[in-house]
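Read the single chain below, which is given as structure tokens and is the form predicted on its own.
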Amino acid sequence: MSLSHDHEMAVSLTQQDRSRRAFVSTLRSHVLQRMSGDLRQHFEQAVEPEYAKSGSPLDTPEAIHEALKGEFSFKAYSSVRTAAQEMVFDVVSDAVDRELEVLNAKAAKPAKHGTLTLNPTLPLPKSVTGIDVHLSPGSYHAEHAEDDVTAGAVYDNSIDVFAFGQFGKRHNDIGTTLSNYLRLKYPDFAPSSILDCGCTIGHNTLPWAETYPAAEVTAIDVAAPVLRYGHARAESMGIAAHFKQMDATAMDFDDAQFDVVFSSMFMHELPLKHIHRYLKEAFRVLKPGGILWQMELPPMNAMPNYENFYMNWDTSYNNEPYYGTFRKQDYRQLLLDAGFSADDFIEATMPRYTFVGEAAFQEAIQGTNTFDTLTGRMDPKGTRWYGFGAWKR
């Protein structure tokens, strides 16, 4: 856990800032490891056997949730986890607020590498404006000043605390892992144009420019504050990327414009009808021979019931109402409905590239996919990310 950043959009931290952040990050780690383990133990040793005796097996995640809701262990876990989530944003906001004027000025500097294109008339979807997603006050679109970057700065700083180091030093492990999977698995594939949808601050966009330095990388999101911040962050790192304010369900791009359409943790934030629109748009803007490649939560049909219950906690308690509905879908069928062929569907579970190194990563991706307690969950023991997508022929 770094609690600071190595780019020019970093905020200065007092000792109090660092102490508060360290406390909440440790609390988050405690909840997701120790308390979640205690909850599972209580379920397996007490709740599940009791239901089995009564002839009512808990064989769906919904049934497990219903059985646990009244249990003290679940109430304690949920209360502390929700409080910790709210505290994440609280402990990073002081430093951002103190330096907001400086951050906004830095973001307004002329670009030397990439570009930033905003569309102030873009209608923002209610799935963004109607809730504080992830319990983040104001979600990711709210603006507090002219040319504001607050939401982006809060997001960048909150990842340090939220993920307790599990996304890598620059929060870029997902983008690094998914891009290097393609590089190593398909060595003859040489994309010249790459699109990241729902990019927020571009932390998983920039690895694509590093993995495929000859490619032009574009990133889109509907929220202007995160795009301003993400663009300034990329500029300070000397990485060229083009940030555009655009709705991924109704893109302004030409047909067959990109070799790769990528997203990370994006689809589960969309209503199902918007998922269908997004995938059709992705198919449209992909070139023949290109690939749709999504980092996402693993589908429910691949995971044990308890893991599905555990993952779907966010649907009920973390302001992610579309999470559970998305995971119930047949991902292959979603892509078929968008125009892709069943034979071109791919999926993979893979270790975190920046944690294990290239040799171990390359060896791991030659094996079979593994779906267990380490798949799609932040865990120092060895998280595996899940990716799925399809080639466009």
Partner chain sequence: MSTRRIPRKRRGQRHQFFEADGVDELLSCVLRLTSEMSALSERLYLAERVLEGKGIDMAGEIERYRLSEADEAALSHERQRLIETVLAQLGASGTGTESIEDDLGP
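Positions refer to the first chain, counted from 1. Since the structure is predicted, the reported quantities are computational estimates derived from the model, not experimental observations.
We do not show the form predicted together with its partner chain, though everything after this point is about it.
Inset, instruction - Check each of 257, 117, 129, 166 and return the one that places a heavy atom within 4.5 angstroms of its partner chain in the model of the complex. - result: Comparing distances to its partner chain in the model of the complex, the residue within 4.5 Å is 129.
Inset, instruction - Go through 237, 87, 265, 215 and name the one with a heavy atom inside 4.5 Å of its partner chain in the model of the complex. - result: Of 237, 87, 265, 215, the residue with a heavy atom within 4.5 Å of its partner chain in the model of the complex is 87.
Legend entry - Complete contact of 7, 375 and 385 with its partner chain in the model of the complex (any heavy atom, 4.5 Å): None of them does, since no heavy atom lies within 4.5 Å of the partner.
Inset, instruction - Mind telling me which stretch in 290-298, 169-177, 69-77, 106-114 gets its heavy atoms within 4.5 Å of its partner chain in the model of the complex? - result: Answer to the contact question: 69-77.
Legend entry - 4.5 Å heavy atom contact, residue 313 and its partner chain in the model of the complex: Residue-level check for residue 313: yes, a contact with its partner chain.
Inset, instruction - Flag residue 137 as yes or no: does it have a non-hydrogen atom within 4.5 angstroms of any non-hydrogen atom of its partner chain in the model of the complex? - result: Yes - in the model of the complex, heavy atoms of residue 137 and its partner chain come within 4.5 Å of each other.
Legend entry - Touches its partner chain in the model of the complex: residue 371 (any heavy atom, 4.5 Å): Contact with its partner chain, no.
Inset, instruction - Please check if residue 284 has a heavy atom lying within 4.5 Å of any heavy atom of its partner chain in the model of the complex. - result: No, residue 284 stays farther than 4.5 Å from its partner chain in the model of the complex.
Inset, instruction - Output the sequence-ordered list of residues from 13-48 with at least one heavy atom within 4.5 Å of its partner chain in the model of the complex. - result: 15, 16, 19, 20, 23, 27, in sequence order.
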